[in-house]
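What follows is a pair of forms of the same protein chain, given separately as structure tokens and numbered structure 1 and structure 2.
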Structure 1
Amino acid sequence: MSEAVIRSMKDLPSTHLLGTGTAMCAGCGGLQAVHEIYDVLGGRTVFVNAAGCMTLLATYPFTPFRGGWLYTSMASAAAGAQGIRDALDVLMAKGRLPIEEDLTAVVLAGDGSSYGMGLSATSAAIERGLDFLYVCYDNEGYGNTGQQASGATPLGARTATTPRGQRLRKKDLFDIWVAHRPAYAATVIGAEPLDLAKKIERARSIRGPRLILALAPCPTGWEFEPEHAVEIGRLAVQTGLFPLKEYVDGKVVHTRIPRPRVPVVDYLAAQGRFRHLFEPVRDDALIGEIQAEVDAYWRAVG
């Protein structure tokens, strides 16, 4: 990456995240979270975008950000972030880029990349201690190509490739990152903006590998009306299905304890992807299994 390119990043034309001319879906929970994250991070950022839903935000040479944008394949975002970070460090070491003009490398990837195709490269980047922020917008499926099942698809959810409901359990990406002992990791959701903002502020103040895992309610993939996106997001937290937590200083701390917890059936029944659990015959066994797993998680938390 040339010095001229890096210096010009802050002056690139931009459009407002919620007002782009691109084909983003109405009510996108991922876009809501990314908007709130960018509000805190500001323009001194370079987004390294793994192919996915958010790729629709940028049409060369325009991006929705005032920093920079690098598009990569689904498996290569962490490697792209390494290249950007190395280029910035080399230019600053040679005095060709003032330290005050340094930029933050931010990976922007969906769950298809984060839980699957890009996990190996990401693991290697964490092991190397790469100074980058990894933002995963998790809509629990390959949303950009028709909502096929991914490693993030939850038990029981219907997708294009699991028409009778997913029988596997969702990977725990947060715990996978924590096992690497990163500098920081946190879960967030756009429907809880204050919690999100606090975590982005903390992540911004830390150097090293940092994860922001954002649950992204998806009206098209999860089958609910766009105006209910915030309600669905809050239900994910209130039922305890999506714990809000962070890993910092070697400890996991929950930033929201849902009391009282709402039954998971309220969350499941609000989405078409779980409709088969209720009709034509209610699947009390699987609904009970999902509830039992949530209950066991929070008992362990204490």
Structure 2
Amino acid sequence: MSEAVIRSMKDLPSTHLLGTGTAMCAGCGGLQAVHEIYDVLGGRTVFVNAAGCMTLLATYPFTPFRGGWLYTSMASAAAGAQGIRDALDVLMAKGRLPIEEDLTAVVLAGDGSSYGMGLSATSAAIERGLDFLYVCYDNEGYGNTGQQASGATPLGARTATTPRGQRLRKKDLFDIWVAHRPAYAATVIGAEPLDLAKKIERARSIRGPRLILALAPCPTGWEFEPEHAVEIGRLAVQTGLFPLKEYVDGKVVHTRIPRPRVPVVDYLAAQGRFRHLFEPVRDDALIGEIQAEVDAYWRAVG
């Protein structure tokens, strides 16, 4: 755990805390983000997990974590964090628990839980001002069951349940959080480790409900070779499809404004889930629609 202020790549923690050899897929962008997040957060944490890929991180009798772990259910990880936080607070207030035994409650949930089933429990936890960090690894589908469409699946993406491509828009979880006026919210990606580390460091210094929304390039679900995970992650940022931003002190600030923006086709064409946009016939209308939405987003940013 680094106590120094992170300004450059040289300031990133050089020792890695999360154990290796987990059951995650090779090239998992979610695991990359969790590695980087954990290095900054450290082991005085208890991870409260919702059902998803990462549930298999702790498989009896192994765990890659140095601190605590509690698997809950798909819908109620935020309520698990509430119970732990409340219990530690009340025990410390009664003098039955020394303050140095305190832990930070961290929810670890995928997009299936975060955008859908778990949203009610999460919304209520934010509303109660719960002091916790919520980490969502977003691979834009129910990845653990073979990539069916979730509320996070983007327009055009082929999944096991949208064989001709998703017709619906991706839900904006960041904005849903921001509408609750949380203490902090940020988007991150493992492929931009400095931006990520700065945001985790800032989140660590704040109390209250805090969101870390990590886009998680998924070789098996998005159909690309594992060695391209970082490159795909960078393209998500460079095309402007995944804006890196944070909400702090009541304002949304973009931490990286891609200029010039790489055309979205470069990102789409690199993934099998968008192959039907290019063959057998190129779907210029839908590609154009996706590009137009990105352009409109950044025009509004100014």
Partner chain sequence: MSRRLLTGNGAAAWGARLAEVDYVPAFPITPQTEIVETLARWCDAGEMAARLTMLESEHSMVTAAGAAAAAGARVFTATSSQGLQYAMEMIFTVAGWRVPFVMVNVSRALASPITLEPDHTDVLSARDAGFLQIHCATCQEVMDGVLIAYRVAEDARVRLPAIVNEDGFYLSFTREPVELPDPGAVRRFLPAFDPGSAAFRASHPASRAVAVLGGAPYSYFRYEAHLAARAALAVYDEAATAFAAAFGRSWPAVERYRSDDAEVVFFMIGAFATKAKDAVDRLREAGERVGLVRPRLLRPWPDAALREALAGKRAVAVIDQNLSMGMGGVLAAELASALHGHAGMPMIVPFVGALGGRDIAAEEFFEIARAARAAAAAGVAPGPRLLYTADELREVRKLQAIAHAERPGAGGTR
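Since we're looking at a predicted model, the values are computed, not measured. What we label the rigid core is the largest C-alpha set whose atoms superpose within 1.5 Å from one form to the other. By convention here, residues take numbers in order along the sequence of structure 1, the first being 1.
Where the criterion is the form predicted alone, structure 1 meets it and its counterpart does not. Superposition of the core reveals a Cα shift of less than 2 Å for Gly250 between the two structures. The Cα position of Gly42 differs by less than 2 Å between the two structures after fitting on the rigid core.
On a core-based overlay, Pro61 has a Cα shift of 4.5 Å between the two structures.
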